[in-house]
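In structure tokens, the next block holds one chain alone, the form predicted alone.
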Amino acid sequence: MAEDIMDRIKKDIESNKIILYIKGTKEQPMCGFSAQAVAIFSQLGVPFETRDVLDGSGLREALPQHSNWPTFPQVFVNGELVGGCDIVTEMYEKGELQPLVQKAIAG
């Protein structure tokens, strides 16, 4: 089962230009950090996917092993870990996130 969840993580990251691993869902984030990350990508007006690490599937335990990042949310753009809420917020405020996201969507 551990391999199945790792395969699922790899497939999700490879097949989605922007994916956020959050607590809760895009429609109903379950923590402030997840809500902030969802709000930023919603404000950017770009398509993005989310996965709920609280869904009982093992994501919450497996993803930190995959990414070497211990906390949530975890934001991946173009297959690369960008970081968590603080990093994404800082990049957004500095205008650094928008070009990264546009490049990912265009490519």
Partner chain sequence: MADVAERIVAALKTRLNAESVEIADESAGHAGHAGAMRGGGHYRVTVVSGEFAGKSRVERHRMVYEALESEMGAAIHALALRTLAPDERA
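This is a predicted model, so every value here is computed, not measured. Residue numbers count along the first chain shown, from 1.
Another form exists, predicted together with the partner chain; not displayed. Remarks below refer to it.
Peer 1: If you check in the predicted bound form, is Asp86 within 4.5 Å of the partner chain, heavy atoms only?
Peer 2: Asp86: contacts the partner chain in the predicted bound form.
Peer 1: Would you classify Met91 as touching the partner chain in the predicted bound form, given a 4.5 Å non-hydrogen atom cut-off?
Peer 2: Contact with the partner chain, yes.
Peer 1: Can you work out whether Gly79 and the partner chain are in contact in the predicted bound form, taking contact to mean some heavy atom pair no more than 4.5 Å apart?
Peer 2: Close contact is absent here: in the predicted bound form, Gly79 is far from the partner chain, nothing within 4.5 Å, heavy atoms only.
Peer 1: Decide whether Pro47 counts as a contact residue for the partner chain in the predicted bound form under a heavy atom distance cut-off of 4.5 Å.
Peer 2: Because no heavy atom of Pro47 falls inside 4.5 Å of the partner chain in the predicted bound form, the answer is no.
Peer 1: Taking the partner chain as it sits in the predicted bound form, which residues of 56 to 72 have a non-hydrogen atom within 4.5 Å of it? Please list them.
Peer 2: The stretch 56 to 72, when checked against the partner chain in the predicted bound form, contributes Arg60, Ser67, Asn68, Trp69, Pro70, Thr71 at the 4.5 Å heavy-atom cut-off.
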